[in-house]
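For this one, two forms of the same chain are given in structure tokens, first as structure 1 and then as structure 2.
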Structure 1
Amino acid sequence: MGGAELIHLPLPVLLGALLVLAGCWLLALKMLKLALAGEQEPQQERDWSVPVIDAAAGGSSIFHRWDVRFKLVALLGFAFLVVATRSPWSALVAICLSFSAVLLAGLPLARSMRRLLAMSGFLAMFLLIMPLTAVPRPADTLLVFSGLEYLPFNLRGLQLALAIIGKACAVALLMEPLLATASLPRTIEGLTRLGVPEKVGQMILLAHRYLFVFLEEARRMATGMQVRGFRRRTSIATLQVMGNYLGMLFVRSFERTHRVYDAMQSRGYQGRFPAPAYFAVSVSDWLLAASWLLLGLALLLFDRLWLGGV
């Protein structure tokens, strides 16, 4: 393996490290469950009029007062600057910046944590695979565990994986300040003013609304199937039932949507919802956007020049 530096370690070190990792993950799951338990509302009839993305849209933080267009451009630009960095240390700084955005916006932490957990499976795969599959280079440090000599553990691979995980977390933490600090129609209106076709905005609103209806429908149908004795197995028959299930979901959703769309048109819908949205640009909008982009730029420069973009 070239001139790579080899460090031999006994196997129990690896097992211990794996145990600690699994423990941390379980603890995070447990804590999230506790945090969400407090958020659960009593079971009552579902209120379809409440979309879930923008649950905290009523706040009054600096993010809530920020013009949606500036917020979208600045935070999206910041996200791209963050993913352009290469070192795990800059990713850590980015996480701190994004986390301070969540705190500044006064948003509940549980929702942001749920986002992080949703990605944890995919990212854990990177953490496991990258150190084992990264190609050894002369300057690398390889850990070799006794009994597993054929599977060297490349520390540069671990560094790569940690950088990826850090960047993914930093961007994920930005999502709540980006989306939850204004109502969804207002965010869409901002997108439209930025040049996204109106049709697309309407589609997002419609699809977002239908999504929950269809999820409920899918759940109802699945319950019906189960009550009638359907059990999922690895068999062609199961696949046939799933195919029919999906087809029925399409048919029902389509018919429902068509009825709703006809009703909307007969009430004068012409491709947009008349929503009064006032957009007034102030100096603070510019300042806030500029400071976020400058922060991102500074981070990228720091990463490339100082840390040498490992």
Structure 2
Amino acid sequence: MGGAELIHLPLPVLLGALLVLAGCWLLALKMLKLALAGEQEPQQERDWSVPVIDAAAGGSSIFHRWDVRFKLVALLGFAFLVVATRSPWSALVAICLSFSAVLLAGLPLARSMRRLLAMSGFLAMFLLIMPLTAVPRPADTLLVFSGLEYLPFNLRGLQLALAIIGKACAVALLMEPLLATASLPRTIEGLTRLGVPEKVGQMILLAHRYLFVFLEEARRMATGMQVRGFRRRTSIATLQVMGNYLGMLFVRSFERTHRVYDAMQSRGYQGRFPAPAYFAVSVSDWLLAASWLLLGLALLLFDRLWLGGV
């Protein structure tokens, strides 16, 4: 194993550890789902023409008042600096900072927890894959289980997996105060002012707005099929019906895009959206941006100089 330290353990230890980890993970998911279910509001008729990414844009926190251009540069810069760290302890500090940003922005925790819940299944695979696939180094510690000597468990790989998971969670949490504290048109206009092509911004805005209309159209068609007695089965007839369903869905979507474009032209659209005067720079914008970038730089230096990475 190239001089790596070997620790031999019986196979039941591995099986017990896997069962305990799986149980803890399932219990945490169950508790999180119950907590989210308790915070859900009564179901109301949804306006499917309005995107929900900026549902909390009407707040008055420091993130809501922050100029969106400075916010984009500072928080994205902080995210890149977080990704450049190597230690799981640095990732833990980044999670705390991102969670603090969510609290300072006054955003609902249920929304942020749902984002992490959606990522949990994918991220959990790193805990098993990376320790088994990390190339051993002379300073590594390998756990070798009886009967599985050909498949050592590298503790350095486990640290790498924890670092990746922590950084992913930190960046995912940071996206909430970045995107939810300003209206989507304002964020897109900020990206345009920072140099993103205007056509790209328009495509993002239109695609995001139309996505929910598309999903509602699909839901209405599926409900109509169920009312008429359709039930999904493993049969050729089901495949034919689903093929017709998808075809009609795309045809209706294509027809609606023409109607939307005609409506836009009738309202004076000539290739660009009107850009209201959203931006007014203040000293606090500069201070906030500098603070977040310095926090990210300090975290990176702490990771490389103090912790030494992985």
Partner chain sequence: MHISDGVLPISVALGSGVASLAVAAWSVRQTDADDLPKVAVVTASFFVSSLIHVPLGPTSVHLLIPGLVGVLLGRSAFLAILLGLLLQSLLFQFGGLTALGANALLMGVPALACGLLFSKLRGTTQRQHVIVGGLAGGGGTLASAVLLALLLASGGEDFFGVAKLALLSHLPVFVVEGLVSAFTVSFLFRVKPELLRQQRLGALS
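Rigid core here is just the name for the largest C-alpha set that superposes within 1.5 Å across the two forms. Here, residue number means position along structure 1's sequence, counting from 1. Model, not experiment: these values are computed from the prediction.
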Any idea which of the pair is the form predicted together with its partner chain?
1
Residue 289: after superposing the rigid core, is there a C-alpha shift of 2 Å or more between structure 1 and structure 2?
no
Do you see a C-alpha shift of 2 Å or more at residue 224 between structure 1 and structure 2, with the core held fixed?
yes
Inspect the rigid-core superposition and answer whether the C-alpha of residue 65 shifts by 2 angstroms or more between structure 1 and structure 2.
no
C-alpha positional change at residue 24 between structure 1 and structure 2 - rigid core reference, Å
3.3
